[in-house]
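Presented as structure tokens, the chain that follows is alone, the form predicted alone.
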Amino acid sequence: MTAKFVLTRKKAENLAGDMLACCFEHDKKKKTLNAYGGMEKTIRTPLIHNDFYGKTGSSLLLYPDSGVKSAVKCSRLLLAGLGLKNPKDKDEARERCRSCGGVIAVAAGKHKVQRLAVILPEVRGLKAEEVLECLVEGLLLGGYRFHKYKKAEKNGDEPVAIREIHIRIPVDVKNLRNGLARGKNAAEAGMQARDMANEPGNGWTPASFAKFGRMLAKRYKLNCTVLEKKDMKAKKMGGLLGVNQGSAEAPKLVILEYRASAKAQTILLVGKGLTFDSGGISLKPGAGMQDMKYDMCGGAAVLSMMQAVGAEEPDVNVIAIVPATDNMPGGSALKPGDIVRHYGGTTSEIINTDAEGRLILADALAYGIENFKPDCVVDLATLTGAVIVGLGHHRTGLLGNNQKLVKRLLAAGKRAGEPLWQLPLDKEYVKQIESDVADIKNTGGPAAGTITAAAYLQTFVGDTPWVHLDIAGTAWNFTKKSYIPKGPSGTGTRTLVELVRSWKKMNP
């Protein structure tokens, strides 16, 4: 349950609760201090003794009620750092606010805070509503925990969720409420994606994606369509059906539609929904295979961001498609050397059954483009281990056929604090997936694995502006941040939210 937010104009010293958080920029000269009314003397002391400078990620916890009489009503006072003054750009300033919110959330969780108060800081280069938006994102994302399958502790170590967050604002204006709503919408979408990914393979199945899509359609102005196995056979979706051959679970193709207007442009989003990947006949090593429950993080990002779309109702049509199945080595499973025929007729020789993500995405891309005629397409997938070799866990790999769309995604990722890195996609790489017996083959060998996987997908998008995001390195074990706990990060979700929010008509 998400904490209740309350915007207030009470004086800082009159804010009550389990913890009061004050956010400060780093001051090298230690001569300036934001005025906090009667609390100023309490706050100044650690600065005089060089115990706190306000650096990014830093914090200091004080207990003002112990010893000297204090003007602070909260039982704990947390000083949290916002980093150096004059960040290099607006996006860095936003990320500092997000990080500061995460620091506060982590401290609140450690001390089992249920009622938190935060003083909204001034950050150079950002409007107050932007500071609030990013701070709220950090507070919610930083406080995220997944305890669904753990027994309740009885020794005092049980986790305690924040119930209320009171934020002291300088003025009561509509824009601040908009900032709060935007921060909540983005963070809740990101947390929903994390929830999906944290579920085990027997807890989140293709049917779960379908159920979630239908739930969102009922809650918001969305339309949900679910293609079943018989529909896929009729439409000759050989990639999705082929990957599903060895499974006891039926596949699903989940489609969520948001329609702003007939005149608005249309963005198509496709997310890989591989709910567990054993590798199929090309079986993965046993060590670490438990993490393959995360192979549906692309689908999780795409569907979860649709709840933000439903809540905010942007001026652009958004279609989300998730091809969902698992990949198991059953007696009827797809075999190396088999040939499948994708939606639209393209044939593919199967070299490795563990290169299954591109097979299910290909059908979804071809189907979505033919039936919805989008102005652009973005797909997300935990597609290749090669992207981790190239970029580690710090950047999402980006490839595409349209530089205008590429730039929009790069900007959205930077704004969301989910950095992307563009890789080349030239004709030379396409030659690596040429087959002697079919139109293409599903792997191009060990060299440039991330690029040849994208080249496979490019076969199915034609001239439609398209970007592929390989989130295999960032969907879990992402760069350590205060607002990204261990496990799935939900990466890509907020990048898509930013893309949709900032959408302006894209010309060919």
Ligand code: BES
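All of these numbers come straight from a predicted model, not from anything done at the bench. All residue numbers refer to positions in the sequence shown, first residue = 1.
Although it is not shown, the form predicted in complex with the ligand is what the next lines describe.
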{"property": "Residue (of 269, 383, 132, 360) lying close to the ligand in the predicted complex, criterion heavy atoms within 4.5 Å", "result": "383"}
{"property": "Selected contact from 120, 388, 369, 224, since only one has a non-hydrogen atom within 4.5 angstroms of the ligand in the predicted complex", "result": "388"}
{"property": "Segment assignment from 212-220, 349-357, 97-105, 230-238: heavy atom within 4.5 Å of the ligand in the predicted complex", "result": "349-357"}
{"property": "Interface membership of residue 295, the ligand in the predicted complex, 4.5 Å heavy atom rule", "result": "yes"}
{"property": "Distance check, residue 478 to the ligand in the predicted complex, heavy atom within 4.5 Å", "result": "no"}
{"property": "Heavy atom of residue 472 within 4.5 Å of the ligand in the predicted complex", "result": "yes"}
{"property": "Contact test in the predicted complex: residue 284 vs the ligand, heavy atoms, 4.5 Å", "result": "yes"}
